[in-house]
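The data below hold one chain only, encoded as structure tokens and taken in the form predicted on its own.
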Amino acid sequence: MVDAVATGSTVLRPRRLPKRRNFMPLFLLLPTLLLMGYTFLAPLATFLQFSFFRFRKGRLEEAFTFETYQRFLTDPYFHASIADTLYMAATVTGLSLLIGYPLAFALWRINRPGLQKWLGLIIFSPILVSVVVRSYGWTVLLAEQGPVNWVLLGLGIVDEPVRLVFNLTGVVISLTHIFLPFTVFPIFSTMVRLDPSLREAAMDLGAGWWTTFRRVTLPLTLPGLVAAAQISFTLALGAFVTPSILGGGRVLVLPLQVYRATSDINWPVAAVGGLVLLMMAFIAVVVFNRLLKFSEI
């Protein structure tokens, strides 16, 4: 619908929408914005306020100070906690991609819909179980007298039971299992949208299976791969229950530090730790978004 204005020649101009229609999207978003402001921005502002307080001799002092920030920047204990958190998240992400991509590829190549649905359900099943139940289940499986060590000893791979619980190894194994669905399905969703004619054209031109995968399939599925890495990494950064149970108090990642500081009513340390964790997640999202744009070129 346009208005025609004749000035020697006809010029078409779009008709302006009523002002009330311009405010309609904002009006529809208002409940969500209010909810986000109340449940996210307000607690974040409170955390920021507490981060400038001082905690001394078991008491909270309302004084504007940068002592807690200085501790996080200079104390090797917190440096190790941040490094362990990043190392755990990166390791879990790498293992999830290493296992998840071939699994998604196999799920995509299965030509039997019934089998594909059952396999998808099995991959999705970790999300259906409580994280506490999953963590305790892995504690039993990875124990020194558990099934995993029994198999390793029976096959002669090791001479004595391997310690897989109450350390970072057990935490990484459990988190990889938990986050595997978040890795498989984003990759699988990009694979099902691939044009089959591209692979067929590559093979008609003489490309083998590996060349077709390397030159056609992998580049076209990179957006799903990057999205899966982003989801897995950010979730692993904030993992709390699994490091708490399988770590046995020996895996001192940042979410556990925040929880312990909160339990001790040390609000400044908890606030700074939470803000540092949030900043790490924000930087990770920005980096992965840049990689996602690069992968879509």
Partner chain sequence: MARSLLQNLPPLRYLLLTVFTLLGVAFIIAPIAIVVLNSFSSVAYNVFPPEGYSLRWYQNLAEQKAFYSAALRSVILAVLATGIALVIGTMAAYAMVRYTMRGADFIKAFLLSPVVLPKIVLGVAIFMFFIRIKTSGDYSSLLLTHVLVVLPFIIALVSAALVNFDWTLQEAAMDLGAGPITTFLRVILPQIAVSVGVAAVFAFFVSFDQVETTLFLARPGENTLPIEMFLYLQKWQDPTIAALSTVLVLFAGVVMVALSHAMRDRRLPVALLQKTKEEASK
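Worth saying up front: this structure is predicted, and the values here are computed from it rather than measured. Positions refer to the first chain, counted from 1.
Omitted from view is the form predicted together with its partner chain, to which the following refers.
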For its partner chain, considered in the model of the complex: do all three of 77, 91 and 94 come within 4.5 Å of it, counting heavy atoms only? no
Among 141, 152, 82, 222, just one has a heavy atom within 4.5 Å of its partner chain in the model of the complex, namely 141
Which is the contacting stretch out of 67-75, 155-163, 83-91, 191-199, given heavy atoms within 4.5 Å of its partner chain in the model of the complex? 191-199
How about residue 55 - does it come within 4.5 Å of its partner chain in the model of the complex, if we only consider non-hydrogen atoms? no
If you check in the model of the complex, is residue 44 within 4.5 Å of its partner chain, heavy atoms only? yes
How about residue 252: is it within 4.5 Å of its partner chain in the model of the complex, going by heavy atoms? no
With the partner left out of view, is residue 287 within 4.5 angstroms of its partner chain in the model of the complex by any non-hydrogen atom? no
Could you list which residues of 123-157 come within 4.5 Å of its partner chain in the model of the complex, counting heavy atoms only? 123, 125, 126, 127, 128, 129, 130, 131, 132, 133, 134, 136, 137, 138, 139, 140, 141, 143, 145, 146, 147, 150
